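Coming up is one lone chain in structure tokens, specifically the form predicted on its own.
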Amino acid sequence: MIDATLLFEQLFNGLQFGLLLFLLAAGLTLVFGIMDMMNLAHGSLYMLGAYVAAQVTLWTGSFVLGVFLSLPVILFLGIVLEAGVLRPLYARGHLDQVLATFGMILFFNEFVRLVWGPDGIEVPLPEFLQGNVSLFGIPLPNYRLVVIGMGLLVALLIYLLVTKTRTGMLIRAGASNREMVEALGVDINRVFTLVFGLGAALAALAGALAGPILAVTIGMGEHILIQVLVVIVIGGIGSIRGAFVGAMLIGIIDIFGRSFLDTFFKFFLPVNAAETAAPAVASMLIYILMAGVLFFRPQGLFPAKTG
């Protein structure tokens, strides 16, 4: 039997991981949904945000300052990339965009290797973020609670921005009908720059928060980018609500699969076979879920026009 305490702890971990995925997916789904831009370099912005936050933390001794300074730095970098590199690619096909942004991944990985070296950075946490809080007698790490709180706060702010402001109205209109927005006299390039900068800042925030948990290393953005793309496909391209729901599903399913699948397999497989098969199947669960969603709802759970 699965212990109830362990089940709750893994649910907590799944929620925290899901919210990190949401921070990445929210920006990328807007970029893809509005700009029709396949930006594989989004994971590199996540990595750079983690490195900038880690470096500022080592310089100043303040992790909080590191997190918040990484946002404007990567926001500015995102704006420069959008205006100087990506804008000429809007009229090109997705293959050209994929090739160009894949090249940016290689560039940024080598840039990080030159600046910070190949070994990565360990991010020290301040004392007030260390330790645990007891909830129903179950110890929960303070830092993971902070990550969950930040993720939920950002999700609320993005929801208010997209649904309650004029800027959000332009973003939603651009996702639905870009040509009509341009016909109404809106500078679509400015909207694109705003969306890309917002996505870059969200990626930086995710990287900065993930640093103490997942380690700050070269190429840390590539693996999580695959999971983020799965989130976007499941939720619906261009949909913030879809990105949130998809991220929660992927986060919880991924953590539960890695934690409990071997126990489940042991009910009907030999111990050695269960321990061998469980990790392989666990790594496939999110793709199985994606395939199931695509079979029944090819447009995703909450496509942008309804999300």
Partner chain sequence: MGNKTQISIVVFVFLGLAIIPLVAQMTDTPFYLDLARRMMILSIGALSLNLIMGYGGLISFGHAAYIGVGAYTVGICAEHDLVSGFIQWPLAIILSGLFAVVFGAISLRTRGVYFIMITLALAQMMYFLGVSLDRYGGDDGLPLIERSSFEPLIDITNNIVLYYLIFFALLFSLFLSKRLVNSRFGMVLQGARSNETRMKAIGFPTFGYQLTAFVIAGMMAGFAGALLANHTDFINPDMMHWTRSGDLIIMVLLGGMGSLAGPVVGALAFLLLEELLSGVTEYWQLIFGPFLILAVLFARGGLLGFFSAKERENG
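What you are looking at is a predicted structure, and each value in this text was computed from that prediction instead of being measured. Numbering follows the first chain given and starts at 1.
Keep in mind the form predicted in complex with the partner chain is missing from the figure; the text below concerns it.
Taking the partner from elsewhere, no residue among 59, 65 and 253 has a non-hydrogen atom within 4.5 angstroms of the partner chain in the model of the complex. Checking 135, 80, 95, 169 for any heavy atom within 4.5 Å of the partner chain in the model of the complex turns up a single hit: 95. With the partner omitted here, the residue from 150, 162, 229, 198 that has a non-hydrogen atom within 4.5 angstroms of the partner chain in the model of the complex is 229. In short, of 152-160, 70-78, 103-111, 188-196 it is 103-111 that has heavy atoms within 4.5 Å of the partner chain in the model of the complex. At the 4.5 Å threshold, heavy atoms of residue 146 stay clear of the partner chain in the model of the complex, well away from it. Interface residue remark: residue 35 is not counted as part of the site for the partner chain in the model of the complex, having no heavy atom within 4.5 Å.
The closest non-hydrogen atom of residue 237 lies within 4.5 Å of the partner chain in the model of the complex. Under a 4.5 angstroms non-hydrogen atom cutoff, the partner chain in the model of the complex lacks residue 180 among its neighbouring residues.
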